[in-house]
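Consider the single chain below, provided in structure tokens and representing the form predicted alone.
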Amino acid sequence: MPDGLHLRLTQESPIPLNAEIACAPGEVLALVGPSGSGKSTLLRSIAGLYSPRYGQITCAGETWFDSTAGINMATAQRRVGMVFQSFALFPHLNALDNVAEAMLDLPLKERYKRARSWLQRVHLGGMETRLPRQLSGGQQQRVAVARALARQPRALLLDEPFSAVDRATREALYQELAELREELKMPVVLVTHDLDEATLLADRMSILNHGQTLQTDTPDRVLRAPASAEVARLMGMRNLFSGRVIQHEATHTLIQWNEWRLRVRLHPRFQPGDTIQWVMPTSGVLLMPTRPHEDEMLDNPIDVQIESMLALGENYRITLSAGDDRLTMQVPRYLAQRFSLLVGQGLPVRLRGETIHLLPAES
């Protein structure tokens, strides 16, 4: 039986599931999807807190759940470490005792020795005697992480672990988890609704909806080549449109979109005349350069009109009227000021054809 965590679950009710995931030792797999997509149900199934109808869960060569064989190992026997959004610390125990509670099977002296070591590793040395109410949100989450890892789990499960802390604390916790990852030799499954968090922390991500895994790949590949229009929408990709394949050339494919013919990277699986959908990231829409490079063969210049501008920190999210569709682009604030961009203004932009991905038309 292979190493790592492997899950395949199906059921029609009460929570529909048709999911399959795998997470190697030392890998972080993010489960991403909207509320009700089944992310937390999968996590609870791995931990033994929920029993699905059919399927199998194995970890480190050990079968934790097998509906056919009648195996459903108790949570305590699975030795999973779980970190919750709510921290779930014992309010009447100090930080040291909270961590030590995870190791009740060890002798008392060894238990507290390991607890102190783990608090040091999550940068909480000197705070052993503080109660949870005397710790900040970020410090409470560090105690929760130390407690989860102290029992030397076979898998680490993180359920929206950073959503209850402020942004600055969250970014510090990201860094600390990244450092801990280098020494963790276990599968790590992260449930999150935050795509930036998944992209930053995960080696691979599984996109879920209605209990079904729609695509599993590296964050970069999912963003660059979503498997379907549904995945593109779940990933928050705003530039999703319909078009038609015209023809294939040696180095690119030509598609029709509204009044424009766009050169995109080669997609030979589609036939000329096929109706398709296409998607591109906001980073694929650029202000026209003052001197276009002749070798940028997949640049597609089009004329659009600025419909709205929304300031988001150092960037503007700009909506562009393009025929019957609306394009979205991100422009740094300094560039928006340099080009004196205004709502209602006509604007030449270029669509980077190498970032355009073709998808089958939805039925």
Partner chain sequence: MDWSALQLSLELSLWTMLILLPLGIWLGRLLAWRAFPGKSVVEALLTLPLVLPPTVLGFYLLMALGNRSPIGQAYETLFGQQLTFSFSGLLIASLIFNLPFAIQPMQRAFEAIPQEVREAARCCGLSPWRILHRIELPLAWPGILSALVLTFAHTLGEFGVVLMVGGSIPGETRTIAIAIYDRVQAFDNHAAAVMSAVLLLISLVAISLSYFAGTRIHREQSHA
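Residue numbers count along the first chain shown, from 1. We call the rigid core the largest set of C-alpha positions that still match within 1.5 Å between the two forms. These numbers were taken from a predicted model, which means no experiment stands behind them.
From this point on, the text means the form predicted together with its partner chain, which you will not see here.
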Exercise. Quick check: do 49, 92 and 129 each get a heavy atom within 4.5 Å of its partner chain in the predicted complex?
Worked result: yes
Exercise. Which of 180-188, 254-262, 268-276, 78-86 has heavy atoms within 4.5 Å of its partner chain in the predicted complex?
Worked result: 78-86
Exercise. Can you pick the one in 230, 101, 203, 176 that has a heavy atom within 4.5 Å of its partner chain in the predicted complex?
Worked result: 101
Exercise. Even though its partner chain is not shown here, does residue 326 get within 4.5 Å of it in the predicted complex, heavy atoms only?
Worked result: no
For this session: Answer with yes or no whether residue 151 is in contact with its partner chain in the predicted complex, where contact means some heavy atom within 4.5 Å.
Result: yes
For this session: Would you check, heavy atoms only and a 4.5 Å threshold, whether residue 217 touches its partner chain in the predicted complex?
Result: no
Problem set entry | in the predicted complex, residue 111 touching its partner chain (heavy atom, 4.5 Å) | yes
Exercise. Do you see a C-alpha shift of 2 Å or more at residue 213 between the shown form and the other one, with the core held fixed?
Worked result: no
Problem set entry | Displaced residue check between the shown form and the other one: residue 85, CA, 2 Å or over, core reference | yes
